[in-house]
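Below you'll find only one chain, the form predicted alone, shown as structure tokens.
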């Protein structure tokens, strides 16, 4: 019996394993694919490699170098003497036991960190060849002349920006009236307009009806995407369709029922504020517990912290559906290990920054202006523009905007939404202030290096 089993070696899983091992826990971490998870192998890292490459050919070449190098780094982390890496598919036997192939592993605590899969829309033709998700798009060995993207969320917008720069003719079809719904609507619109100037075509408020492969030998491999916008039936011809309509928790094959775990309707594993599973428990009469005792017929195996034999099952990252971000998974894993160790931390999960690595970038932390208004929160909006910033002009990056929302009277900072060069870095600075409950006045009173883009934060009015 070990102290901790972690199912999944993505960002949440391997960070949790490293933190636990460093603090003396014996860890078994199980991974059926490559270590590093979606983020490292087919998500964040490959996408950013494309973002920072000058051409499709260069991106492919760099991808073959960057991913293996980082994967080797994760494997080094998992070579800690307190960590045992098991390769294979995990499934629950009971609340404390997991099977991998013919082997069984038992632990006092279990963390489920299996991540997510692409979510496809249920329309005719979605299974056609040359209809791909983000993983499939990254596996293309030739640049598509035409690319149609269904979905203007983070994945869709990043790939639209990248493939437009590489030279593809890019069309984006989005059901909502604006892209990036979590981003301030003013900033989202500015970003979309900038991409339109660069040649990306957007159809907003449009619903895809079907995808049809061409029946003409002259047009072999070509696809037609049929969609409706404002009551009009429209279509676009393309070589490749990217479906970027979100992701769904990955739980298939885990046999969660054996551990008394019932999923939510969206497929996520329900958890409490400490990411401990809160699903309705099952009973396992006569089954053995880790302490060698029998479970009575009316004993609940996961009835709460420290009660029953299936307590201390946690779910972190995309699989719990709360904040589907790699860095959220990392911090959730660290928090769970702290809970197991009895260590108090001050991680504020409501202060969660996010970035969209388009060109220019966009990033945010905290609610948008629309969200604050809908919640009835009294606030002030403070704006600043890159065109008045010396570093931005020197970099030839004058297109950009910052919106800070605070309590009235330049009080506590509530959120920040930024569009422009290095937006993610600016939002990260604001995140630190928000985590400490700081005010706009305290931000203004902080000395900023000149000339830097970060000065735009203290120029808001």
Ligand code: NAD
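Worth saying up front: this structure is predicted, and the values here are computed from it rather than measured. Residue numbers count along the first chain shown, from 1.
Not on display, but discussed next: the form predicted in complex with the named molecule.
**Student:** Flag residue 88 as yes or no: does it have a non-hydrogen atom within 4.5 angstroms of any non-hydrogen atom of the named molecule in the model of the complex?
**Tutor:** Residue-level check for residue 88: no, no contact with the named molecule.
**Student:** Does residue 361 reach the named molecule in the model of the complex, with heavy atoms at most 4.5 Å apart?
**Tutor:** Residue 361 lies outside the contact set for the named molecule.
**Student:** Considering non-hydrogen atoms and a 4.5 Å limit, does the named molecule approach residue 98 in the model of the complex?
**Tutor:** Residue 98 lies outside the contact set for the named molecule.
**Student:** Is residue 175 a contact residue for the named molecule in the model of the complex, using a 4.5 Å heavy atom cut-off?
**Tutor:** Yes, residue 175 sits close enough to the named molecule in the model of the complex that at least one of its heavy atoms falls within 4.5 Å.
**Student:** Which of these stretches, 319 to 327, 71 to 79, 89 to 97, 338 to 346, has heavy atoms within 4.5 Å of the named molecule in the model of the complex?
**Tutor:** Checking each option against the 4.5 Å cut-off leaves 319 to 327.
**Student:** 156, 366, 249, 260: which sits within 4.5 Å of the named molecule in the model of the complex by any heavy atom?
**Tutor:** Only one listed residue qualifies here, and that residue is 156.
**Student:** By the heavy atom within 4.5 Å rule, which residue out of 379, 188, 200, 355 makes contact with the named molecule in the model of the complex?
**Tutor:** So the residue touching the named molecule in the model of the complex, by this definition, is 355.
**Student:** Sequence order please: the residues of 120 to 155 with a heavy atom within 4.5 Å of the named molecule in the model of the complex.
**Tutor:** 121, 150, 151, 152, 153, 154, 155 sit within 4.5 Å of the partner.
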